[in-house]
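Taking the form predicted alone, here's one chain by itself in structure tokens.
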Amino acid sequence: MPRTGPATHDVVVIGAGLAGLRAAHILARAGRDVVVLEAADDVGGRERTDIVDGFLLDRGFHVLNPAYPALPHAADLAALDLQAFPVGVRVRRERRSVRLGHPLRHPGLIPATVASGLVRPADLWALARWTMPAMLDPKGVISGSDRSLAEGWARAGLTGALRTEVLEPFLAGVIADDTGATSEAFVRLLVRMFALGRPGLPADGIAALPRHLASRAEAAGADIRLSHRVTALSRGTGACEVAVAGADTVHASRVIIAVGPEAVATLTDLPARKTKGLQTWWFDAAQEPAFDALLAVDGRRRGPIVNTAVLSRTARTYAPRGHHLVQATCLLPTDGRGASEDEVRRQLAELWGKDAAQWRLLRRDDVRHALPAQPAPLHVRSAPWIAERILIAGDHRDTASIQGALVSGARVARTLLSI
């Protein structure tokens, strides 16, 4: 009689974050037998959304930029019902708050931008000189020389208030770093995306993106198994064995590891890559703090908040009728000691000019591994293979972004399809 045994799948993907789901979709669409094992009770990795008292609370402040080149290949943007932020910022200065807006997207903000005192011609010229290489030749920025962001701005002559009161506090919340040590090339590419696109929020929360990717993968034939925590990975003769807590071992010809950077060392011999943390506070404001949806930053740098926004101004679906959802994001040090509630409320009152002491705290998210660190020099396109039959994907293998996760997932899938 023929020998029988456990089924051997073509590919097991460990992790149902963006990279894993993108890889699973491409492979399943090509006819491969794909199983995705996810430890959590839902897909998404860091891109998760919870419903709390009728509010949509993402796990940390997320935005989705439709200008990411990989996004339209991976998802149907119309299905996400993206609600766009204004392309501008509110800045708290010493004596007043001022508003700056993209002159082409928001011509009505041109007078306020000019009157802000933050757009001196010398700074604008330095910013244009610094930005232009990424706008004209992004591939050249990736392959060229790199240095820290602080060094790059100094070389460009960007030293005035536009840098210290706007760019530095704004980007601190984007890259989870206020030291200037992040790769200049990486930040140039991010700024290019902000210039080309209008970041926003899916109407159903940031989790709408991974759920959409998961539905596409399942429609193509992928088997996504939630609450399946992988405990060990080994290579046998002709196949890999993936041990799962409380479930049968899964066998596969190939394995893609698509977990976060902090978890890589639990399944491989690779060291865990350094990460940056963010802390987000969510408040229910009975009275709307602002008449627009501009992201606010503190140009004075007097407090832990790096950005704050009335998210229900951008996406009405994020708050119940008659309520207003305010987020405040702070950097989270490596020791996990974030800002105190009193500090956050005090600074919010100064930024919005409202009595934030009366706002109801809905939740605080301490995301210790919000982003992989991206120091200079910038390295993208890390090798997908880490061992025979085993590949690895994630934004920690490309750029620390949604774009990087999607590109990395697609890269490992196409690598498998090429053999």
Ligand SMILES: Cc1cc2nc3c(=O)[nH]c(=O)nc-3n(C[C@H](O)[C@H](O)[C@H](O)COP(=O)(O)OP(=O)(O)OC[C@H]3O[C@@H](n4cnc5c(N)ncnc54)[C@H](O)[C@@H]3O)c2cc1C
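All values derive from a computational prediction rather than experimental measurement. One rule holds for the numbers: they count along the sequence shown, beginning at 1.
One more form of this protein should be noted, the form predicted together with the ligand, which is absent from this view; the next part is about it.
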| property | result |
| --- | --- |
| Non-hydrogen atom within 4.5 Å of the ligand in the predicted complex for each of Ile14, Arg229 and Asp395 | yes |
| The ligand: the contacting residue among Ala40, Leu362, Ile386, Ala376 in the predicted complex [heavy atom, 4.5 Å] | Ala40 |
| Of Gly157, Gly197, Pro133, Gly260, the one that lies within 4.5 Å of the ligand in the predicted complex (heavy atoms) | Gly260 |
| The ligand contact at Ala23 in the predicted complex, heavy atom, 4.5 Å | no |
| Contact test in the predicted complex: Lys354 vs the ligand, heavy atoms, 4.5 Å | no |
| Contact test in the predicted complex: Val407 vs the ligand, heavy atoms, 4.5 Å | no |
| Any non-hydrogen atom of Ala84 within 4.5 angstroms of the ligand in the predicted complex | no |
| The ligand in the predicted complex: contacting segment from 26 to 34, 346 to 354, 376 to 384, 58 to 66, heavy atom within 4.5 Å | 58 to 66 |
| Interface residues of 265 to 303 toward the ligand, as seen in the predicted complex [heavy atoms, 4.5 Å] | Leu267, Leu278 |
